[in-house]
Ligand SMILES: Cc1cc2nc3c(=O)[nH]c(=O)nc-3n(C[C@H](O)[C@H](O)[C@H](O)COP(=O)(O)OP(=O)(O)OC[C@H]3O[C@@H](n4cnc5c(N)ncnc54)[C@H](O)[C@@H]3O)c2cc1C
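The chain that follows stands alone, in the form predicted on its own, written as structure tokens.
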Amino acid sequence: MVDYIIVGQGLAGSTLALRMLEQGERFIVFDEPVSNRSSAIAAGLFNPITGKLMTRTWMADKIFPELHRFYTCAEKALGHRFFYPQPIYRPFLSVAEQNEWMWKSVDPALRDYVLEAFTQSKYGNQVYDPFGGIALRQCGYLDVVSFLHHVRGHLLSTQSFVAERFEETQLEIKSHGVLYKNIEAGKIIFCNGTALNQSTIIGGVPIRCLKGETLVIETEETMELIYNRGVYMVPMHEKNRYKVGATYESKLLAPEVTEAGGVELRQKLDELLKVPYRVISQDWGLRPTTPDRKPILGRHPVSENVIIFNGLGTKGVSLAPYFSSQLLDWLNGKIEMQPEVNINRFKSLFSKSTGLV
């Protein structure tokens, strides 16, 4: 008997599992790591200033302090490094953009996230920045593959992980809890990203697939920091290798890399990078997004014992620590679920005809 079954060991499931271990909860995680395409290709970039208009991301003042605290503590607990805070540099494309950022950089709402604004080329030996650029702080990247690997190892050592596909046909939802094969649990938490769309039981959750393609490149010299304009360049373990991404495709979701995706990434990279490079590989993955681009947390109407933690989208690295904490506090009756992420905002979409309760 456990308190929780967690389905999925991506960013959502991993952050939640670490918090449960810390609080002494009894749980078991089911995941088939080789099929976790979203996390496998993720560059792990986190940045409080995003979007075409370069505005402060939603809830940055709460989310970013927590992600720094959480991943730093996780490194100590797991005994491995996978969290790399460092500035991001975004070149300006015009004098107008340069002027706009001169006053933005002293805006109280953005001041904590701006390291320095440059009116002349700062990294012109590596990127095209004739008008200067903006260096942002509280940024960096998480080595997602390493993080998930070491979380998985820790869960295995505590007998809290089963490396196999979750078979929904083996799940029984009862009034007092759930039964999966021979495991009884008080609740089951679905953290399985786009796989939730294939469920025949947990209907109505509006998880949308957003396909992303990335490149791995090798440059002739080491980049001075993370560059991000049109595409990002995030360091990898191998010297002078970088993950470059990403494309955003919501309609053509074939499970493969595409020539169009590769061309788009190389064209944008050529507009940013001066340093010679060669493409090592190209990869793809599906991100779980939502109509309003905010996570989905809470109790599914099919049963009070079925919980959803999903829809982290392109910002999973930054959102997972904060909202795994909120979900666990909600499960323990400490807080009300935040309305912006509460699953009830989509209640009109849920299927209530399963007859399982």
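Sequential numbering from 1, following the sequence displayed. Quick caveat, the model's predicted, so the values are computed rather than measured.
The same protein has a further form, the form predicted together with this ligand, not shown here; the description that follows concerns it.
Against this ligand in the model of the complex, the set Glu32, Ile41 and Glu213 is in full contact: each member has a heavy atom within 4.5 Å.
Note that among 58-66, 41-49, 300-308, 328-336, the stretch whose heavy atoms approach this ligand to within 4.5 Å in the model of the complex is 41-49. In the model of the complex, no heavy atom of Glu259 sits within 4.5 Å of this ligand. With a 4.5 Å cutoff on heavy atoms, Ile296 does not count as touching this ligand in the model of the complex; it lies far away. This ligand in the model of the complex is not approached by Thr290, whose heavy atoms all lie more than 4.5 angstroms from it.
Although the partner is absent here, Tyr232 sits close enough that one of its heavy atoms falls within 4.5 Å of this ligand in the model of the complex. Of the residues given (Ile217, Leu286, Leu273, Leu110), Leu286 alone sits with a heavy atom within 4.5 Å of this ligand in the model of the complex. In terms of contact with this ligand in the model of the complex, the residue from Lys181, Arg165, Arg81, Arg241 that brings a heavy atom within 4.5 Å is Arg165. Residues Cys191, Asn192, Gly193, Ala195, Gly212, Glu213, Thr214 are the ones in 185-223 with at least one heavy atom within 4.5 Å of this ligand in the model of the complex, listed in sequence order.
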